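Read the single chain below, which is given as structure tokens and is the form predicted alone.
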């Protein structure tokens, strides 16, 4: 079987060092994120959780694109779907009879996984590959945006939907999420668990099969693996995580609009992952955080040209840094060893 190509942020180091160092780097990243509210406050603590959820969205695409070789323009549609489900559940919390926040998170993840699983199964069973899959996922984002606009009696249409802040409780103990710091830590835990889960499945046999599909799908088929089921499962996991991240984003931002499901935002996600490096989960996470924050800063500095600046950065990275920033680090480390 074809082994996974490790092009992550520490890919240039020997295997023994990589096994030790990469989890340590991730621990440092999450430690810094956890300590940040103790050193800062105000707008940074408010906005950073949204960027971290963008990082989860980027990791969901990295799983699909970097580890299985399937580029998707539909991640934004699933992200927005999760936000709308969270909003609907919290708006009807009094009639649900259960803790609406738990139901919303579960329902959003399940909705994304079921929709992607159903679509993926029919596509991959029929042998759909590469550009055709890209077109289908692009259509999913367009459909999601149009449904959000058309079903205005439910979604609010172009005016969007206002979402209350969720509340969590365990038996008689209630976890207040009214402050920015409290929901900040909830999202840090969610991001860390998501990263750990994705790292585990990509290092397991499942991940090795995905790498084989990415490198030589016909060979994996000849070895007897049910490739369409692996692709379907990967698409479902990716969509479920994107929906769960969108649900948390919706309750944190307190608002969701149809544009969140659109092609423009889907393209931004692809740009984040391409710049950071699609073969690295940690790189995708940091790319989602850093590049989205840079985009936000550029939009404030130059509202007319920030997309042009981001596009030029994307072209430069693709042209001169194959594999993104993580790929550049890999080549630099390999050159030093050589």
Partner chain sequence: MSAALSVVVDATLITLVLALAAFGLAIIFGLVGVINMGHGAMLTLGAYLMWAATRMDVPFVLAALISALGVGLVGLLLEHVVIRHFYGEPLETLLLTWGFFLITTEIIKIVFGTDLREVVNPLPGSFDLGTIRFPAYRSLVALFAIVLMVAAALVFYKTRIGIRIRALMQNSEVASLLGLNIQLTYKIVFVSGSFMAGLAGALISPMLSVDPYIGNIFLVRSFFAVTVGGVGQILGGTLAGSFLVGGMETVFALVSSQVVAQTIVFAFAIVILRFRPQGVVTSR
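Treat the numbers as computed from the prediction; the structure is a model and nothing was measured. Residue numbers count along the first chain shown, from 1.
Just so you know, the form predicted in complex with its partner chain exists too; it's not on screen, but the next bit is about it.
Asker: For residue 152, is any heavy atom within 4.5 Å of its partner chain in the model of the complex, or not?
Answerer: No, residue 152 is distant from the partner.
Asker: Is residue 69 a contact residue for its partner chain in the model of the complex, using a 4.5 Å heavy atom cut-off?
Answerer: Because a heavy atom of residue 69 falls inside 4.5 Å of its partner chain in the model of the complex, the answer is yes.
Asker: Considering non-hydrogen atoms and a 4.5 Å limit, does its partner chain approach residue 40 in the model of the complex?
Answerer: Output for residue 40 is no: heavy atoms all beyond 4.5 Å of its partner chain.
Asker: Whether residue 110 contacts its partner chain in the model of the complex should be assessed with a 4.5 Å heavy atom distance threshold; does it?
Answerer: Residue 110 lies outside the contact set for its partner chain.
Asker: Could you tell me which of 83-91, 159-167, 143-151, 201-209 sits within 4.5 Å of its partner chain in the model of the complex, going by non-hydrogen atoms?
Answerer: Of the options, only 143-151 has residues within 4.5 Å of the partner.
Asker: Only one of 197, 255, 132, 225 gets a heavy atom within 4.5 Å of its partner chain in the model of the complex. Which one?
Answerer: Partner contact (heavy atom, 4.5 Å) among the options: 132.
Asker: Work out which of 233, 138, 192, 220 lies within 4.5 Å of its partner chain in the model of the complex, going by heavy atoms.
Answerer: Selected residue: 138.
Asker: Counting only non-hydrogen atoms and a 4.5 Å cut-off, give the residues of 248-280 close to its partner chain in the model of the complex.
Answerer: Those in contact are 263, 264, 267, 270, 271, 278.
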